[in-house]
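One chain comes next, on its own, written as structure tokens: the form predicted alone.
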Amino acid sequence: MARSRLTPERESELYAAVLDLLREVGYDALTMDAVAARTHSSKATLYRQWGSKPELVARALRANKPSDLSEIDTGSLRGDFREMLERTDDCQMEKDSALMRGLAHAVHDNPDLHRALRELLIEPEMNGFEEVLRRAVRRGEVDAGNPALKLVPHMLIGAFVARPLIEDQPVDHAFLSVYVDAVVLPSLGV
């Protein structure tokens, strides 16, 4: 696929439009026609660049991530978690979690979307996250045999899903800071 034809600025513009449309209408109602109209581009261009709606959505979400988690290395796991939290603001977190809730529903009916999200978004995020945890093990902060190591992503995703359900509150920095200190780090023996 010839992705190089678009400037980085134009690509960012397209991705932002895709995310806006996703928030407005949801995945199922999002069409390549709507993206083309919103971005003043042709449907043919979109298909040539991204091949399919699932890939376009997954790449837009990936581009929306502030950075590669594996780059975070403050010297302590607590510091690394703090740094992860600092890389997004409460408003963005709320928008992202609403988006992810909508997509979590859509993946059940769309295996292609599920595959694209796994390949382009989830696996790279998990790899970065696992590197942060491996460094904590190498530093001796976490025991390599701790079963919670494999469950940290589940714990964090659980926090994003549970808070709105249980408390009717969005996930924000204050909540995640307490959650990491009270649940995640103790489970890792930190």
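A residue's number is simply how far along the shown sequence it sits, counting from 1. What you see is a predicted model; the values in this text were computed from it and never measured.
One more form of this protein, predicted together with a further copy of the same chain, exists but is not displayed; see below.
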| said: I'd like to check something about A63: if you look in the predicted bound form, is any of its heavy atoms closer than or equal to 4.5 Å to a heavy atom of a further copy of the same chain? | reply: no
| said: Can you tell me if E94 lies within 4.5 angstroms of a further copy of the same chain in the predicted bound form, counting non-hydrogen atoms only? | reply: yes
| task | Answer yes if any heavy atom of F175 is within 4.5 Å of a heavy atom of a further copy of the same chain in the predicted bound form; otherwise answer no. | result | yes
| is_contact(D168, a further copy of the same chain) in the predicted bound form, heavy atom dist at most 4.5 Å | yes
| request: Kindly confirm or deny that H114, R163 and S187 each have some heavy atom within 4.5 angstroms of a further copy of the same chain in the predicted bound form. | output: yes
| message | Exactly one residue in L120, L77, I72, V107 has a non-hydrogen atom within 4.5 Å of a further copy of the same chain in the predicted bound form; which is it? | response | V107
| request: For the stretch 120-158, return the residues whose heavy atoms include at least one within 4.5 Å of a further copy of the same chain in the predicted bound form, in the order they occur. | output: I122, M126, P147, A148, L151, P153, H154, M155, I157, G158
